[in-house]
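This document starts with one chain, in the form predicted on its own, laid out as structure tokens.
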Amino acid sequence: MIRKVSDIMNKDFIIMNALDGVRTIMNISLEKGIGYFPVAEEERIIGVITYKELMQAHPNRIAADAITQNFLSINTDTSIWEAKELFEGKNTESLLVEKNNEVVGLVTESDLSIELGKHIDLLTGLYKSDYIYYHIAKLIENKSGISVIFIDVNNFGYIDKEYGHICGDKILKEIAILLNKHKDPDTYLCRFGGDEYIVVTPYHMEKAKSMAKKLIDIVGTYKFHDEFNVSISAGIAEERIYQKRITDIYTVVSNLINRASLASSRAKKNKCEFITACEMNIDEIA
């Protein structure tokens, strides 16, 4: 399940009045260890005061003189990935979390960075699968074209057994670097698990096939450490959003990934570069 800001928000905050003195707020900050204060005027949030504003403001001023309007309000159902995009795309230092038009928490960029760190694969530096589920769901909600490329490393078990896990880990890192460097800018990559990677694209099948072919060729011709020959296979599944009414988006996401995964397994078995889910029969993808 995709994590939401309600899972990580800081509930330890105090809403200050616009007429409260900076000195008073500073004392509360030091006493309670709070570094962010929403500021309200006539029950409406007009800004926030962070520890930085407190340090810069004259202690005899009021809160309204020291606030920054550099904040955004979001609801409790906002995903951590959407919060990440807000911090990246907006000049903001904090996100106020609301439920039924009432502030129930806040999220800072540092809070979010700590949480996102839990979703990074330590070996490859790529995000884990939660990141991919979010972007597939977002593309589906936006009625965009969408294809998933599920990538497996061929004969990886043999490499691990014959040359050891250290060697296998190095190969997985190098493949991650290659995929991340050469994937298209508008696509999303994660390490799905083991020797598996997923690339989510906003493309229909033909363009996704071209991208899969490019990535397969790049990995297949790359000189890995100790001159290893490494190859990958891929399965590709497309979701034609405009053809159906979506009622359970996460079931659609899971089914899409599963179809791509099964196609990848068939490609490995048949020793071919890639297979699309539409090339498989009903029994194979059920």
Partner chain sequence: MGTYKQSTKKADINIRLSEFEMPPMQDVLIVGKRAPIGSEAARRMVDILSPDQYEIVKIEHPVVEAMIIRRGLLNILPQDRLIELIMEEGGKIANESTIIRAQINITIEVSKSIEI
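The term rigid core refers to the maximal set of C-alpha atoms that superpose within 1.5 Å between the two forms. Residue numbers count along the first chain shown, from 1. Computed from a prediction, not measured in an experiment: that's the story for all the values here.
From this point on, the text means the form predicted in complex with its partner chain, which you will not see here.
Enquirer: So which of 28, 218, 64, 230 gets a non-hydrogen atom within 4.5 Å of its partner chain in the predicted bound form?
Expert: By the 4.5 Å heavy-atom cutoff, the listed residue in contact is 64.
Enquirer: At 4.5 Å between heavy atoms, only one of the stretches 221-229, 251-259, 29-37, 51-59 reaches its partner chain in the predicted bound form; which one is it?
Expert: In short, 51-59.
Enquirer: Are any of the heavy atoms in residue 14 no more than 4.5 Å from a heavy atom of its partner chain in the predicted bound form?
Expert: No, residue 14 sits far enough from its partner chain in the predicted bound form that none of its heavy atoms falls within 4.5 Å.
Enquirer: May I ask you to state whether residue 19 is within 4.5 Å of its partner chain in the predicted bound form, using heavy atom distances?
Expert: Contact with its partner chain, yes.
Enquirer: Does residue 40 move appreciably between this form and the one not shown, meaning a CA displacement of 2 Å or more on the superposed rigid core?
Expert: Shift at residue 40: below 2 Å after core fit.
Enquirer: Hey, does residue 230 budge by 2 Å or more at the Cα between this form and the one not shown once the core is superposed?
Expert: Residue 230 C-alpha, core-superposed: shift of less than 2 Å.
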